[in-house]
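Heads up, the chain below is alone and in the form predicted alone; it's given as structure tokens.
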């Protein structure tokens, strides 16, 4: 079956164009802008349902044959008939609240079955997200995820901006994936300018991308173990991730690498990077031996939160979530990367243990890549070029998985920007991991997937 990557709408001068991107082809469906209708593909590609609900909210599209017609981005008091991605909508318009309309959560009925609501406000430094459970005692029967409480309007915000004006916004969409998003934007601008990216720039940026991946894998390893009651691993992971963050600051001037890709990096020095890589390789080897020899921890990891390979494929999962379920999917799986030491890391079990092991093994791959890339990398970055009109797309393997970005330029300015964060599809697969587990395991399962709120909620 074809793998769904994204589905989004573009308002043309004479039609609404629904673009569906698969791994093997891209399809276009033209709709009457006065009464736009498109058929749902969600019965065959379940992950399409969020894309379709988003298009309905953003553009007023009617999705025929959809099994879920509830609003996705528009919450209970959003005024009806207002579709903010239509060209006629003025982003500065002050909206009047509508009457409250309750959101109908999915729930399983029956004797002894009850519902548990978690969020959207959480006891921690975390963006809002709601998790709704159907329970039979401690056992989870079903879970529904509801996000989009911020709805920052980034797609609308970027309309009319130049590539230079858009770059700092794109770099700040999600701190988890700042380098990845910047590289995607770099690749789009490279295509739009018919320029060539020197290998030393590509190597420099790829090195920063691997450093970003290392930071988040270290953080995840600590938090996953912590959610299983082993706080010592969190202490190690936090210390190691902080050291990596400080290297990112030294190289780019910012802890998250904001605005790093399009400038020369004065602090880009090879000696401290080599020393850090050598020290981190020793740390990872020690941590792997230590953490593997804690049976009580693996009792919590093994068989918890299983995502079967067939479900991972059906729901278009990406990144560690896919690879831990035996789906060998990674944008880096190219000759360029393989020549520099990349190798695919997969596990078959699809449980928390598998996702933990994939991250641990990928750390070694990332460090090996960084050592090789350092030989080619130079401090100079790519200046933002003048772009040609047209439509361009890019794929980057972020620390969370495949990031897809597309942009349309007219007269050197953006008329449509769309980004599909890996979490947009992986969040939709999360509920498949819950049945057969107790509610106390939800934080552990959730953390093992490392799902983004900010990148998801544009």
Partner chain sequence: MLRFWEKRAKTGILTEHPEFDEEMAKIRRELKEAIKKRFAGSLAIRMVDGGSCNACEAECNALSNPYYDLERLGIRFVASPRHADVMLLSGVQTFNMLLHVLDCWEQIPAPKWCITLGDCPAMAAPFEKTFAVKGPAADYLPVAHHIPGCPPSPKIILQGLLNFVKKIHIND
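Numbering follows the first chain given and starts at 1. Because the structure is predicted, anything quoted here is derived from the model rather than measured.
The same protein also has a form predicted in complex with the partner chain, omitted here; what follows describes it.
The listed set 274, 388, 338, 246 contains one residue whose heavy atoms approach the partner chain in the predicted complex to within 4.5 Å, identified as 246. With the partner omitted from this view, the residue of 108, 380, 197, 91 that lies near the partner chain in the predicted complex is 91 [heavy atom within 4.5 Å]. Using a 4.5 angstroms heavy atom cutoff to the partner chain in the predicted complex, all of 120, 148 and 256 count as contacting. Under a 4.5 angstroms non-hydrogen atom cutoff, the partner chain in the predicted complex lacks residue 345 among its neighbouring residues. In the predicted complex, the partner chain stays beyond 4.5 Å of every heavy atom belonging to residue 136. The closest heavy atom approach of residue 143 to the partner chain in the predicted complex falls outside 4.5 Å. The closest heavy atom approach of residue 190 to the partner chain in the predicted complex falls outside 4.5 Å. Stretch-level contact analysis of 324-332, 368-376, 172-180, 352-360 against the partner chain in the predicted complex, using heavy atoms and a 4.5 Å limit, identifies 172-180. Residues 148, 149, 150, 151, 152, 153, 154, 156, 157, 161 of 135-165 are found to place at least one heavy atom within 4.5 Å of the partner chain in the predicted complex.
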